[in-house]
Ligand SMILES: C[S@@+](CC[C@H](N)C(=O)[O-])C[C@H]1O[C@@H](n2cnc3c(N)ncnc32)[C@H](O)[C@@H]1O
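Next up: a single chain in structure tokens, the form predicted on its own.
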């Protein structure tokens, strides 16, 4: 039966550590989660210029996949999530960090966070699972909790990108195959065009600084109460950092190939063979690790797992 709210969905999907990691980004092991978490944390550190003195907030921290990699680089990292199960997994994965605070969300609110108290805030692979009303309410909360001069990184699916459209069509065809007498999954993937996403941020009280939109994701970086001079300076900085923040065309292609493995359209061996033919670049080891993890998690589906230790 379809879960009736966000908490029920994510609690059901996070009964243990492995299930929780799989739920957040289809990581099927700690090694894969560390690899993908480090990649995203690198993007965020450049996007938000995170420093050792910052108080950093994550909305939808899940199992702490990203937070585990951000926490060593800031004064305090605060992770929030609607799922108590996810928070329990995050507590175990972040055990040993003295600067970590975890909070369970009770509704579409960050009421446990004081106004004007956060230097940097971000949310990754979370807003895309929300109805637009909840998305907007959380953006409004980001505007409340950020300090003047604070910044936020916001991300959701980009419907206007060709690969983003293909990802949307996975949702369409999946819905077309199921029993439509039940309600759609409350936490299903949802999509925005860049202009819509920026409009929500503006009306929530944030100042869009740049939107990297040439990929399946809208990557929107915003400021709070920035002067004209601050806006210009930050846009110049972000333009210089673009290659460290924005998803490359190759990343988008390999992501779609991995999604086709998950949805049964391609065998992991085919995708790995293609990745192996690519020139050396950061995306290659990332997606090799990711697709190998998908295979290792389901040998009954894909067949015996090769020995990759010599690669």
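Note that the structure is a prediction, hence the values are computed from the model and not measured. Numbering follows the first chain given and starts at 1.
From this point on, the text means the form predicted in complex with the ligand, which you will not see here.
> On the criterion of a non-hydrogen atom at 4.5 angstroms or closer, are 59, 62 and 81 all touching the ligand in the predicted complex?
All of them do, each having a heavy atom within 4.5 Å of the partner.
> Pick from 64-72, 261-269, 245-253, 276-284: which stretch has non-hydrogen atoms within 4.5 Å of the ligand in the predicted complex?
Looking at the partner contacts, the answer comes out as 64-72.
> Even though the ligand is not shown here, does residue 86 get within 4.5 Å of it in the predicted complex, heavy atoms only?
Taking the distances in the predicted complex, the answer for residue 86 is yes, it comes within 4.5 Å of the ligand.
> Although the ligand is absent from this view, report whether residue 124 comes within 4.5 Å of it in the predicted complex, heavy atoms only.
Within the cut-off, so yes.
> How about residue 142: is it within 4.5 Å of the ligand in the predicted complex, going by heavy atoms?
Residue-level check for residue 142: no, no contact with the ligand.
> Can any non-hydrogen atom of residue 213 be found within 4.5 angstroms of the ligand in the predicted complex?
Outside the cut-off, so no.
> Since exactly one of 238, 159, 100, 130 fits, which has a heavy atom within 4.5 Å of the ligand in the predicted complex?
Selected residue: 130.
> What residues, if any, in 5-44 have a non-hydrogen atom within 4.5 angstroms of the ligand in the predicted complex?
The stretch touches the partner through 6, 10, 23, 24.
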